[in-house]
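The chain that follows stands alone, in the form predicted alone, written as structure tokens.
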């Protein structure tokens, strides 16, 4: 299978590219910097900042020129930042939105509008913050909520089309996007590793026909049965895993 993965320089994207190649898939990875791993076998990398229109267009032209049309598109690239509660800066919020929302939906538009062949599926990385807010980065929660709603709307719009629009709701993952884990180290108990998420995506999400997934299972339990949970309670319970 041909797969496109955004944000492959590190974290979930890097682990996913490695896992997909290991399983025999062909991978085109996009990221702002060249990844250290996953450079052997059926892997090709394109330098692309998904938050910048010109950079996205250039990457799309390279894939088009090579005749590459993915069967699966993993919309993984995302950023977050630790914001001081003494301020509410616009530019970091704008950067989060451009990367997490525009940087994902651009590729849906590109491959659904005028491409020689449509992908079989789009897989968007969502979060528990699509349902509950993050007071440390309001734009991150808003971006994940917007991306999840877009995938739901696309499922309705293309309900009679064979293209699948999937979303994966993730709990805390030990990646540098979380300011607490920027320094590396081992994943604390209850926090998933990028490799674990990558295996779940490749083994469960990619071949399945469902449209919504939760990882780890505790995330599914919270999302399904914790809708009554007040925002302040969710923030207090999850803070040790986030900051």
Ligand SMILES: NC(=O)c1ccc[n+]([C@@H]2O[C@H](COP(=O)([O-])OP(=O)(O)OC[C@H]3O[C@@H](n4cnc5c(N)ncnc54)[C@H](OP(=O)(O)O)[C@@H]3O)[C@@H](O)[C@H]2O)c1
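Everything quoted here is computed from the prediction, not taken from an experiment. Residue numbers count along the first chain shown, from 1.
Another form, the form predicted together with the named molecule, is not on view; read the next lines as being about it.
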Query raised in the report: So which of 151, 139, 73, 78 gets a non-hydrogen atom within 4.5 Å of the named molecule in the model of the complex?
Result: 78
Query - Stretch in contact, per heavy atom within 4.5 angstroms of the named molecule in the model of the complex, of 112-120, 163-171, 84-92, 131-139 - result: 163-171
Query raised in the report: If you check in the model of the complex, is residue 125 within 4.5 Å of the named molecule, heavy atoms only?
Result: yes
**Report entry** Close approach of residue 12 to the named molecule in the model of the complex, 4.5 Å, heavy atom
**Finding:** yes
Query - Exercise: residue 196 in contact with the named molecule in the model of the complex, heavy atom 4.5 Å - result: no
Report task. Spell out, yes or no, whether the shortest heavy atom distance between residue 212 and the named molecule in the model of the complex is within 4.5 Å. Result -> no
